[in-house]
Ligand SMILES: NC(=O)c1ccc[n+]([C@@H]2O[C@H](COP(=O)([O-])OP(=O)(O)OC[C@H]3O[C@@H](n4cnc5c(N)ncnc54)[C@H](OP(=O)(O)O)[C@@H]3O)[C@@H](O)[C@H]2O)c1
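Below, in C-alpha cells: the form predicted on its own, a single chain.
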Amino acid sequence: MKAAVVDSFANAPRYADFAEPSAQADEVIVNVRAAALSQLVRLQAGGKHYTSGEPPFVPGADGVGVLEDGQRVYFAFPRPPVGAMAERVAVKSAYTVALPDDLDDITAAAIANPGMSSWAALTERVAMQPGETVLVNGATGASGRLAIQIAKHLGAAKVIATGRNPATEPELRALGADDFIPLNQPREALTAAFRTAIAAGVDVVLDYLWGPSAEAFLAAATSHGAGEAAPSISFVNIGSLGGTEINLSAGALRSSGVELLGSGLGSVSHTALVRAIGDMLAAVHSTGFQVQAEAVPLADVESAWARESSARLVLTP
C-alpha cells in the first residue's frame, strides 16, 4: 500500500510503499480517508516527541476512515509502525468512534486533535463547572481558538484570551473571548495584567505556551501574605510553544492557590481521549465550532511538510 514513510528524522516523510497492516484480535482495519498534519505529528516524525518511534515508520496520530462493514469512524492511536498517513491502518476497536453524518471527513480530521486538547483538559483533567472563568494562554493558534469556543460551549461564563498579536483580538472576541491580554509587553506589565485578571477571578488556565508567559502568570498568582488565601486556580499545561522549561521557586508555589496539571498523551487514557473526541465531534455541527482546513493528496506529503499555512493541512489518500 502507499503511505507517507519516515526513513530518517532528518528528512520529511516521502510517498512510498509500506507493508500492509493486519488486524490483531482486538483490532479493526480502517481504510483511511483523511489524516491531519498536526504539530504533534510533525514532532513525532522529527523524533522530537516523547512518543516518537524509530524509523522506518508511517506518521499520523489519528484520522477519519471507513471500517470493512462500511461504517465511517474517527480513529486514533493506530498500531505502529503504520500511522494514520497510510491507505490502511490497524486500530483497536476501542479507539474508534462513529462519526455523525453531518460532519465531513476533512473537517473531522482537522478539528479532532486541536479540539481534543481543550475538551479533554476541561472534562477529564479539571471537570470545569458552568459559570467559571477560563483563561486561554496562547489563543491565536488553531487549538487556542477552538479552546475559546469549547470553553464557552461547556459553560464558561467568561473566557480570557492571550496572544502576541493584538491585531487578532477582534477575531478572538468574535469566537467568544470576553477579554484579551497581549503577551508582547514587558514582563512586569504582563504580570500586572495577569494579577488584575486573577483578582477579578480566574478558575482554569489552559496553557498552550509554557515559557515566559506561564512564568508571568504563576508570579501573578502568588499571594504576598495579606491574611487571605490565594485564589484556587487549576493551571493545565497543554503545549510548550513558548518554551519547554520555566523557573518556578518552591516559595512561589507554596504561597499560591495554583494546582499545576498537564493534559496530553499519558495523562488521560487512550479510551478516555477517544471518548472525549467523539463527544466534541458530535457537537461540531450544532455549535458551529470553526477550524480552517485544506485537503492535500497524500502523494504530495513532501511538499506539504514544507508548507506553512494558517489552515490545518489534511492528507487524503
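Since the model is a prediction, treat every value here as computed from it, not as a measurement. Numbers for residues come from their place in the sequence shown, where the first is 1.
Another form, the form predicted together with the ligand, is not on view; read the next lines as being about it.
Across the proposed site, T96, P100 and T271 without exception lack any heavy atom within 4.5 Å of the ligand in the predicted complex. Though the ligand is absent from this view, in the predicted complex it lies within 4.5 Å of a heavy atom of just one residue from L172, V202, A221, L209, which is L209. Just one of S249, S52, T287, Q39 comes within 4.5 Å of the ligand in the predicted complex, counting any heavy atom, and that one is Q39. Exactly one of the stretches 85-93, 174-182, 71-79, 136-144 approaches the ligand in the predicted complex with heavy atoms within 4.5 Å, and it is 136-144. Contact check for M116: a non-hydrogen atom falls within 4.5 Å of the ligand in the predicted complex.
Heavy atoms of L260 never reach within 4.5 Å of the ligand in the predicted complex, leaving it off the interface. Under a 4.5 angstroms non-hydrogen atom cutoff, the ligand in the predicted complex has I238 among its neighbouring residues.
Contact between R164 and the ligand in the predicted complex is found at the 4.5 Å heavy atom cutoff. Within 4.5 angstroms of the ligand in the predicted complex, the stretch 284-317 places a non-hydrogen atom from R312 alone.
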